[in-house]
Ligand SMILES: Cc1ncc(COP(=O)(O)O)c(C=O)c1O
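A single chain, nothing else alongside it, follows as structure tokens in the form predicted alone.
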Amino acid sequence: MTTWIPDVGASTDPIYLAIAKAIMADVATGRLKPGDRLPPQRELARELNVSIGTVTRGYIEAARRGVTRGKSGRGTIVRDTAAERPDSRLRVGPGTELVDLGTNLPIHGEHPDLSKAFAGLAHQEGVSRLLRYQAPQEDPRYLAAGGKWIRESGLNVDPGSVVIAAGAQHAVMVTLGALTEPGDLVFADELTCPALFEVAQLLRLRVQGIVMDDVGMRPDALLAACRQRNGQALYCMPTVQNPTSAILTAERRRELAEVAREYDLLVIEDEVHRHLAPDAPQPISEIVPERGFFIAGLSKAVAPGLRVAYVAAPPFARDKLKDAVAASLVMVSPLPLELATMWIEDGTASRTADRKRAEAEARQLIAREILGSYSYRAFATAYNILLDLPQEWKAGEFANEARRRGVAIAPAAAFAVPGCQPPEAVRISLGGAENRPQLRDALKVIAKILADGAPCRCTRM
């Protein structure tokens, strides 16, 4: 651990932001080096005479900006950005537009017609109620819409079991926040959604990666981990997993459910991509309903700005989750919730999901046409592909080169649970392009980099 103490006294920024900026500045000057461990949050709070929450928020902001990462058993460390991720500061070529294929974007061109929805809202009697405090968790109409969306996402559920959250990431946060304690251990795929790392750092949870194969998480690896360490929860994306696009088979889901039941694990089943594979097997939460938390979000199926998600929770946990939602944001904002409810009720949400799935399939065909001679992992209707790189390439270097040529992509290290070795691979988001011609051009850039080969790393003597 480094004895680093930030100088925040002269800053006019909020203390948490001053801490984050001090970390970034000291990384830039070399005072902090890759692999350095920052002081424990409690110790730094005592040194600066601020609350632990302020230091935690500063560390989270530094992680969000890509300079630090929580590492299992080591606290917060300075990231080796050259090895782990592309450098966002790299300039693209003159006159080159940066195409974002690095963010998991759900095809913006297929969003619902917002102006039409607002026009309908404007003619509703008493629409101004949406600007007032409400109790959406007790509203039968909102709960019925949530139950319908969960059923369309594959789980037969009663509206009474629904908890409303402000997006899937918020749903994960309130579930873990309500049911775990700081220091608890969460099992997850060795490559998983990076949002889990942010939630775990905020809640001071540990995350252990579980070995995967082409189908997804291996039950034998989860069993071995449970025998060695006392875990409290399992986080998984069974359908079109991020970033691998794997889909757990029915047998695999049953086996994971058996391990969860044997070792008393809560199962947080994040199914934001379920609409991309509507015929996927039975949810794990249906196999172990007494411990399953099924999350059905709208951001990937309808629009990312629609921050609404629904959790099907067991009876023992529903009030705890509702209390956690209230503690974190008082209430889910009524305006997006009303939009979500309208679109679920009239079928707009499901029709939008169908259109996005069809467009994703068309984009996968474009990817196959351009990159088909290379090894990559994908599903026929997924938003992403995970491209395995030739031996001469490092993923961070490849991503940097792609950015120089105008295409942003994400190296696998961005998804690796601390302590797990990521493959030399990059995730390419096919939904990030505004249209098919732009996607085709961007993928041709990636194909050209592959054809050119890695630059020589040899040094002169």
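The numbering used is simple: start at 1 and walk along the sequence shown. Owing to the predicted nature of the structure, the values given are computational and were not obtained by experimental measurement.
Below, we refer to the form predicted together with the named molecule, which is not included among the displayed structures.
- When contacts are defined as a non-hydrogen atom within 4.5 Å, none of L179, R291 and L321 contacts the named molecule in the predicted bound form.
- Interface residue remark: M237 is counted as part of the site for the named molecule in the predicted bound form, having a heavy atom within 4.5 Å.
- For P136, no non-hydrogen atom is located within 4.5 Å of the named molecule in the predicted bound form, even though that partner is not displayed.
- Within this chain, K300 lines the site of the named molecule in the predicted bound form, having a heavy atom no more than 4.5 Å away.
- Taking non-hydrogen atoms only, G167 approaches the named molecule to within 4.5 angstroms in the predicted bound form.
- Only one of 386-394, 272-280, 327-335, 144-152 lies within 4.5 Å of the named molecule in the predicted bound form by heavy atoms, and it is 272-280.
- C193 is the sole member of L202, C226, C193, A233 with a non-hydrogen atom within 4.5 Å of the named molecule in the predicted bound form.
- Contact annotation: of the candidates T175, S285, T341, N242, the single residue with a non-hydrogen atom within 4.5 angstroms of the named molecule in the predicted bound form is N242.
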